[in-house]
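Read the single chain below, which is given as structure tokens and is the form predicted on its own.
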Amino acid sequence: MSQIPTIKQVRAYTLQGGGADYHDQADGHWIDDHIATPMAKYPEYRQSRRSFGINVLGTLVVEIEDSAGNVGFAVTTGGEPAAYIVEKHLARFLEGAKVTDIERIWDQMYWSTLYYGRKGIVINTISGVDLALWDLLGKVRGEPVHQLLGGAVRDELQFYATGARPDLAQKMGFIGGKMPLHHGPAEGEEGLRRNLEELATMRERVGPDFWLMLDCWMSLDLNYATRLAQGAKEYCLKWIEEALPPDDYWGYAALKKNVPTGMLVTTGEHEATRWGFRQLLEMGCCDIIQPDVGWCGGITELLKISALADAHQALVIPHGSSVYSYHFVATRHNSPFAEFLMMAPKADEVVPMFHPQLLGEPVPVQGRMRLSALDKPGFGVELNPVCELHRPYTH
């Protein structure tokens, strides 16, 4: 067997504009149009999520170069603070290690940052490093990541679409459409009525069998979420997503008991690590967990989260994350479908989620993706050289 390369250098860059930090969009994008948020109780921050700073971090790009000249990379959110953590803290656990030492590196990154980490930006950063390691290992071995994870269990992925126009997503072949909730509790009974009216209109457009879901982005309280779910019953809402703040495990457990029979409760996009998901699963908070592989701890941690969910008979449908999710979903029976974020401003066409930052990013065709679209080494994408990388720190 040829000698395993060692890691020579780790580099962290930042990028602005749409991509991994997909909220960094121009005016007029559906993703920023009066969407219910925890900040919507303040009228001045209600119309736009960018107004309260959802896009301030920008994208983190992690590059890892080995002794044989291979370079693995990944993108996630975190921007400059995350770049600092990579360069000043985490690099010591990578440089000099073998490219196969992924489990040990994850362990050292997590426990060494425990006193200021555990969730949020530190876990985003660890996730970015971890994804770059898997990309590098795939390139060293000449294999796509899904083969490194034990191989695919299906030849084709199927997708639901997240965006403002489920009716258009239906025409594009997706299995369902998830709409953003537009009005939160601060907008009172009128807001609740308008939420249900929007759902009714969409149900009328798509017919009885197409999945419709609501993404509430942490913005509701238990009473409002319960009333919304009960009101949505007649429109056959498939699931209510992230209705409450992520730390309200007790609220989620109550909501799951309160929703109409057959309606699913989903959450986990802003949860992190096996410990956070253990809380959700053991307390009976939801039917589907939705970890974001770029935020929950990377592929290494997602494998553990998924095994935990499997033991609790919960599905794992990762949040967004483009190719980083697709390679994982292909290998897991308890991930029977995937999410596709409609990043076209009017949600009227299929465009790559992390455009313009990645080249070679595959997209669903008629709501499906053949495994052959994921057959290049690593995650199968390259950084777009047109995007201007900035390296704010070195070590």
Ligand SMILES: C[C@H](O)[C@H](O)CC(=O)C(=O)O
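Counting begins at 1, following the sequence as shown. Here the structure is a predicted model, which is why all the values come from computation and not from measurement.
Keep in mind that the form predicted together with the ligand is not shown, yet the notes after this line are about it.
Although the partner is absent here, residue 306 sits far enough away that none of its heavy atoms falls within 4.5 Å of the ligand in the predicted bound form. None of the heavy atoms of residue 338 is located within 4.5 Å of the ligand in the predicted bound form. In the predicted bound form, the ligand sits within 4.5 Å of a heavy atom belonging to residue 241. Contact between residue 198 and the ligand in the predicted bound form is not found at the 4.5 Å heavy atom cutoff.
The single contact residue among 162, 219, 322, 77, judged by any heavy atom lying within 4.5 Å of the ligand in the predicted bound form, is 162. Distance criterion of 4.5 Å from any heavy atom to the ligand in the predicted bound form singles out 31 from the list 31, 39, 57, 369. When contacts are defined as a non-hydrogen atom within 4.5 Å, all of 49, 178 and 215 contact the ligand in the predicted bound form. Shown alone, this chain has one stretch from 360 to 368, 329 to 337, 66 to 74, 31 to 39 that lies within 4.5 Å of the ligand in the predicted bound form by heavy atoms: 31 to 39. Taking the ligand as it sits in the predicted bound form, the stretch 262 to 285 comes within 4.5 angstroms of it through a non-hydrogen atom at just one residue, 269.
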